[in-house]
Each structure stands twice: as structure tokens, then as C-alpha cells.
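The chain below stands alone and is given in C-alpha cells; this is the form predicted on its own.
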Amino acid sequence: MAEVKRARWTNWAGNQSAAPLQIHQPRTEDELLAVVRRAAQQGERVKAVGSGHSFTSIALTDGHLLDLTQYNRVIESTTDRDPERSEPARHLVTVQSGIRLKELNPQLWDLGYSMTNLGDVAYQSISGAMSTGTHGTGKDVGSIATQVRALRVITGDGEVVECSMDHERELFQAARVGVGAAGLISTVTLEVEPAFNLRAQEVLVSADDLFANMDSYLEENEHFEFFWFPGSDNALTKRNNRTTDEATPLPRWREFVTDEIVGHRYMAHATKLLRVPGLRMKLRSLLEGARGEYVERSYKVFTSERKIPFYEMEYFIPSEHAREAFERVRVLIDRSGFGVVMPIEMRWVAPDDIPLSTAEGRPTTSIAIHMLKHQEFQPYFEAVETIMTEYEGRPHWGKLHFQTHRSLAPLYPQWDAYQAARARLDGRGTFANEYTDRVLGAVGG
């Protein structure tokens, strides 16, 4: 196992860094166990990191940092059939927790499978995406954690617990969205589907039309979301639906123009370019509506690249308040002078029963806001957070927010159940850090 002493670690956005006692790069579960057991005996802390795509300090430690980028194998693929039940067969794939979604999904495709849903980037490790409640969009589709069927979890004492909905259910439920504090995930078993293509339609509509016809957009599309760019009367809608049609990808020139030139390079210099009125409107028009319609593998449609560093906050509110909350944020941006150039993104998530899921117990709409890395983000984010708290908003666990366990606990009906399971999985706080102490409270406290 490769080990590095006193090297600095920095996340993708560049806003979080740490100087761990030691950085370990395990390849096997035995190597994971060795680090945890040694740290537990010496009273030291351990944190795991996948791709570092979280914007928070969730992975920081001055103890042992487990870099899981080499712990990334697909272990097995099975079909689960119960001859005594009429339910369809389940396709299960078990993977090591450090595998990144951009590595996993092409391998799943080669095996003949797709994940039911994905978020809009593929950089995250499967355990990082699951543990922070990462999601895609679709009013009838849950987060990535809802696709998990079993886990192997390492406790703070260095023992291994196998759990699922049928075995150690309370521990399984806590670990699915564990916020890095309910044990260390070793392996993840996902339920997957036969591979499918998606027909993507990226269409510009007026903001007024969008909300006048919102129910239709949600009912008629399996996956629906939109982006609104400050200063525009329009919104870019994205509608993704399954199809048996063969893939017809975007022409490469068109993908290059919309993603590379207009998207990444425009965003990198947006604060300067937007001072030129004519260029501003032309570029924004291209950015908002140039891609059109195409058919591609599901994972290629669900995800896209993010080359320009930015900061993000995302809140999850009951869907019945979505329009009102969006309008308030839009008015805030128009009146504030914050200089916002990056979009508001709105997505939908089906309710689930996972204790710390941001969609637990209610149909949910997420509202995400962004700021370019060189811009001052905190006044804007704090103002939006104030609006979201009026709708019992729950923050994304991997994105920036200013909440503490005192303000968060009332938002989660199963908070105490999570804390009880967390105490069983890590009673000594081996996997705790300042972030988990802030948002979850001290273990056993």
C-alpha cells in the first residue's frame, strides 16, 4: 500500500485542504482495516476521500487520510431470482467504494447494465456520491443511495459489518447517507438495470411558460430539470426520456462549440465578457439553447464535464414551494448586485425513507446556486440560505452551507435513529472531524 507522510490534500474546487499525518492508498479491504485498526488503537482519526468533489470540509483530517482512488474494482455481477416470487429478477453489481462513477458506468455498460439515475457530474466516487445524498432529477426517481442494496461497512473499531434492508437494517439505513460519519464504506452493492439509451432534449423556453406548464413538464418526462441564467427571461430545459432508438450523438463540432467554447471558456471569463452588451446577449443565447436533441447512452446524457472551478450551494425543499422559492431567489439576484453569472439549477427527487436523505419523507425539489471561484460567494449563499430555511430546506451534505446540528436536527424525522446507528458504527469517533461535529454533533452527544 502506497503511503505519503505529511503531504497536503486539496479538494477539486480548491477551497478545502488538509495536511494529514499520513495519506494511504489502499487497494484491498485488508489494507483499509489495517489503517483503521492501527488508528483506533492509537486514538487517531481516519477520513476517506474519493475524488474530492465535495465543497465542504467533510474529508479533512490531521490524522490518517484514506485516498480510495486505487480501491476501485468491480467485484462481481449477479442476477438475483426468487423462484417463489413473481417479481422480476434483480441485477446486482458489487464494487469497491472508491470507484468513480466515470469509471464505473462504462464498465456497467460493457456488462449490459445502466444505473437507474445519476447526478449531473461523474467525478465522484460511488461511496462519496451515496454518502452525501447525490441525486439526479425525476419526480419519481430517488437519489443514488436508493439504488444501493447492500454494504460492507468498517466500524470505528476496525470490524466489518455486512448490512442490507434484510440484515442490520438500522445500520444500513444510516450508512447509505452517512455523511462520512456512519462507518467507512468498503463495498457497495447496487441494483442496476439492462442498459438503456436516453433521448435528450435541451430546449429554451420562457420562464413564464416554464412555470405555467410545470406540471406537464414533470408528468411527461422521466427526468426534467432547468437552468435559469441571471438577467434572462428564458430558461434552458433538459428533458431526458428512455428510448429504444439507436444512439445519435451530437456532432463533435456542435458539442465543442456548446461545451468547450461557449460553456467552459465563456464561464471562465464571464465577469469580463458580460460587460460587453452585444457579446453578452449572443454568447448567452448560445449557452442557453444550442444543443437541441440527441440520443446517447444513459450515463453520457445524465452527466457532463465541469472544467471551470466554482462554488455551489444546493437546498432541498418540499416541491409545493418550488415556484415561490425560485421567484424569490430570482428577485434577490436582480436586486442584490452580487454579480451572479452562473445559473440557478432546479431538479426534482422522489421521496425515500433514508434517515439523513435530503428527500426523506417528502416529494422534493432542489435549488442549486453557483459562483465562480474568484468571486465572493458568501453574501449570496447566506441570503439564499435564509430564503430556503423558511421552507424547511435541507442542505446538500457535500455542498456549501452554514447550518449546524442544532438547526438541522429538527428537519429530519429520523435524526435520532441515525445517531443511534452512528454510535454503534463509530462510538469512539474514529471517522469524525470538525465538519461532522458541526453538522451532526459529537458522536454519542
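In this text, residue numbers run from 1 along the sequence as written. This is a predicted model, so every value here is computed, not measured.
Note that the form predicted together with a small molecule isn't included here; everything after this is about it.
Colleague: Quick one: Phe310, Glu314 and Lys399 and the small molecule in the predicted bound form, is every residue within 4.5 Å by at least one heavy atom?
Modeller: All three within 4.5 Å in the predicted bound form.
Colleague: Decide whether Thr389 counts as a contact residue for the small molecule in the predicted bound form under a heavy atom distance cut-off of 4.5 Å.
Modeller: Contact with the small molecule, no.
Colleague: Can you tell me if Pro355 lies within 4.5 angstroms of the small molecule in the predicted bound form, counting non-hydrogen atoms only?
Modeller: Pro355: no contact with the small molecule in the predicted bound form.
Colleague: Though only this chain appears here, would Val177 touch the small molecule in the predicted bound form if you measure heavy atom gaps against 4.5 Å?
Modeller: Flag for Val177 set to no.
Colleague: Would Ser54 sit within 4.5 Å of the small molecule in the predicted bound form, counting heavy atoms only?
Modeller: Contact check for Ser54: yes, within 4.5 Å of the small molecule in the predicted bound form.
Colleague: Consider the chain as shown here, without its partner, and state which of Leu236, Leu250, Val301, Val121 has a heavy atom within 4.5 Å of the small molecule in the predicted bound form.
Modeller: Only one option qualifies, and that one is Val121.
Colleague: Based on heavy atom distances of at most 4.5 Å to the small molecule in the predicted bound form, which listed stretch, 104-112, 207-215, 326-334, 128-136, is the contact stretch?
Modeller: Contact criterion met by 128-136 only.
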